[in-house]
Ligand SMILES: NC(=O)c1ccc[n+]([C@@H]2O[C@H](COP(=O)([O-])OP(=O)(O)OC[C@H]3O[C@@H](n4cnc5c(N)ncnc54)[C@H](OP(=O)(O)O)[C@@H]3O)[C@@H](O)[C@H]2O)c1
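First, one chain by itself in structure tokens, the form predicted alone.
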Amino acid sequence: MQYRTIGDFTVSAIGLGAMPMSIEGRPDQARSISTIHAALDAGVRLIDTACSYHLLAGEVGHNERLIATALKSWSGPVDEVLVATKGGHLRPGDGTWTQNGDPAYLKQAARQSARDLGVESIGLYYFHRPDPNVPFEDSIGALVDLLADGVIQRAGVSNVTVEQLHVANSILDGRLVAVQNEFSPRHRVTEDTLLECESLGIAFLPWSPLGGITNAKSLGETATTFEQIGQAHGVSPQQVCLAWELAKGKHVIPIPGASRPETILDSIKAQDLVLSEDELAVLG
């Protein structure tokens, strides 16, 4: 098991993206909990969620409550697990997404997330997505207040540009510990934020690291180089993809989504896959 850091917290090099357990096509609760337990038993020490990971309008916080239930029933060292959640991106329940970066809302949402997670203080809290109707600086100011009030222990931002990354870190007085942006073989335009995070000592967490829920299974079909390298090593192309991302820097922590134990267990094996310099050069 490889380990990396988010601020002062040591986590596994690959985390668990729990979103698929609460949206369309979600499994029953028993399978979801078995998936979370399988990940934890295998050494995963980072679980990613958000209050907006739910299916119906009246289910806000569904994924957070699911994780709380799973952790409560797990016999391992819960204090070693960092649960990261997010606020500011909403899912009304009709399949659409909206933003709300109002500071008052973010503070209320964080407190509700803490209740849904069953904790007094959230280990890592992200501002989920910039709101075009609210000054970005005001939204980040809410994170400052949440840190001061002890509602959250660490602050992060998601779906940001390099400029917004610097603005957030400045307002937080250098206390920004994580950036979560989409990054995968299909979506490389955020590599500038990945590189900037390395220079600042900030963790970079690719979301949809395999290309998204609908594309992850077909990674080998649409990215033949990943499939060919996987065949050479006797592993899945998904493992090659995650190993490629891990090789981007010691600050990179992919969070592949999973709703089955076998899926996250396959992803975890990417930590043991060492790609050659030639293979990394071909992958880009």
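So that there is no doubt, residue numbering starts at 1 and follows the sequence shown. Just so it is clear, the model here is predicted, and its values are computed rather than measured.
We do not show the form predicted in complex with the named molecule, though everything after this point is about it.
- Remark: of stretches 201 to 209, 148 to 156, 169 to 177, 99 to 107, the one touching the named molecule in the model of the complex is 201 to 209 (heavy atom within 4.5 Å).
- The shortest heavy atom separation between residue 243 and the named molecule in the model of the complex exceeds 4.5 Å.
- In the model of the complex, at least one heavy atom of residue 18 sits within 4.5 Å of the named molecule.
- Contact annotation: residue 53 falls within 4.5 Å of the named molecule in the model of the complex, judged by heavy atom distances.
- Remark: residue 12 does not count among the residues lining the named molecule in the model of the complex, judged by a heavy atom distance of 4.5 Å or less.
- Note on the partner interface in the model of the complex: the residue among 258, 253, 44, 229 having a heavy atom within 4.5 angstroms of the named molecule is 258.
- Along 98 to 131, a non-hydrogen atom within 4.5 Å of the named molecule in the model of the complex is carried by 128, 129, in order along the sequence.
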